[in-house]
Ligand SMILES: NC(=O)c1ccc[n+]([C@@H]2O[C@H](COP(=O)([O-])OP(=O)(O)OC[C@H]3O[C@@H](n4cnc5c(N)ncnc54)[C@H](OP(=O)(O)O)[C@@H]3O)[C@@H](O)[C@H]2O)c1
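Starting off, we have a lone chain in the form predicted alone, written out as structure tokens.
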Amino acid sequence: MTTPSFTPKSYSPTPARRVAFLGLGVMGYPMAAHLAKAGHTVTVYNRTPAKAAAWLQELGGAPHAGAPTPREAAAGADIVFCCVGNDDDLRSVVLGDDGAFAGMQADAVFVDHTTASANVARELSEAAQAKGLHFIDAPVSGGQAGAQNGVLTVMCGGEAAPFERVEPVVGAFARAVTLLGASGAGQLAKMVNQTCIAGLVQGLAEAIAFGQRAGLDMAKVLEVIGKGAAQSWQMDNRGKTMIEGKFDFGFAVDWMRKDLGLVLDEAKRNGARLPVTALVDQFYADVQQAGGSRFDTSSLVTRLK
């Protein structure tokens, strides 16, 4: 089993909290580790118990603990964090007799870092309120490296008072934590984020393919234009690897297609026109069909070679 890693950083002094973390994937594992290193007592739950056992071994055990169900992990926690795969995964760890809501104490806050739909955020927020709990939808940007280094950007939706309680704790694994509106606003902001990325990566892919066909030294070209108006995070962090044809890292095409599916579904609901996003989504489908499902999103350039 491959275990995700994390890099300890300088943590801002924050009153210690008792927290739970549900989901120890490539994002959740280091996020939970940063919480522990920042001085919080963390109880973890993962669908595959071996991952939770590995996390506890790396973090040194007590006072941290593992739990066999989300309900038991959430019992007594001030804040319950979650990072799972999709809407259905989220419901499975939140609702029902073994779900987190069944174990949370009154007035506790559930913070969901899953990239999911705005509808499920609103649904779970209502369910939380009915139980005397609070729900914050808080998807993240920054990818696996951002989680490992504790420098994620967190986009939040929910009420101001519970947000203010969790903001300094979230700072253990984030460099920016912002409340953007009512429940669902965090998920909608993440959709905006993914829409921006899709268009940028396709533009960068076309530029690199064009320059290579023209016989240019694209490493030098990107170094030059990266100092001007064409500069972007994607160019700085993915340009070189796109030129070299390296894609066995980063944010997988499968994940991006899931996210763009959320974007396009929401656009149907609100009437937004997203012609470029819809086209890039189909380009990612081409990459999947060619065997690149787990390639980084920068693998769009493979379609053009």
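Numbering starts at 1 and runs along the sequence shown. No experiment lies behind these values; they were computed from the predicted model shown.
The discussion below concerns the form predicted together with the ligand, not included here.
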item: Exercise: Lys51 in contact with the ligand in the predicted complex, heavy atom 4.5 Å; value: yes
item: Gln144, heavy atom within 4.5 angstroms of the ligand in the predicted complex; value: yes
item: 4.5 Å heavy atom contact, Met27 and the ligand in the predicted complex; value: yes
item: 4.5 Å heavy atom contact, Arg47 and the ligand in the predicted complex; value: yes
item: Contact residue in the predicted complex, from Ile136, Met191, Val140, Val201 (heavy atom within 4.5 Å of the ligand); value: Val140
item: Proximity to the ligand in the predicted complex, single hit among Ala121, Met104, Val93, Val154 (heavy atom within 4.5 Å); value: Val93
item: Among 205 to 213, 174 to 182, 80 to 88, 219 to 227, the region lying within 4.5 Å of the ligand in the predicted complex by heavy atom distance; value: 80 to 88
item: Residues of 243 to 274 having any heavy atom within 4.5 Å of the ligand in the predicted complex, listed in sequence order; value: Phe251, Trp255, Lys258, Asp259
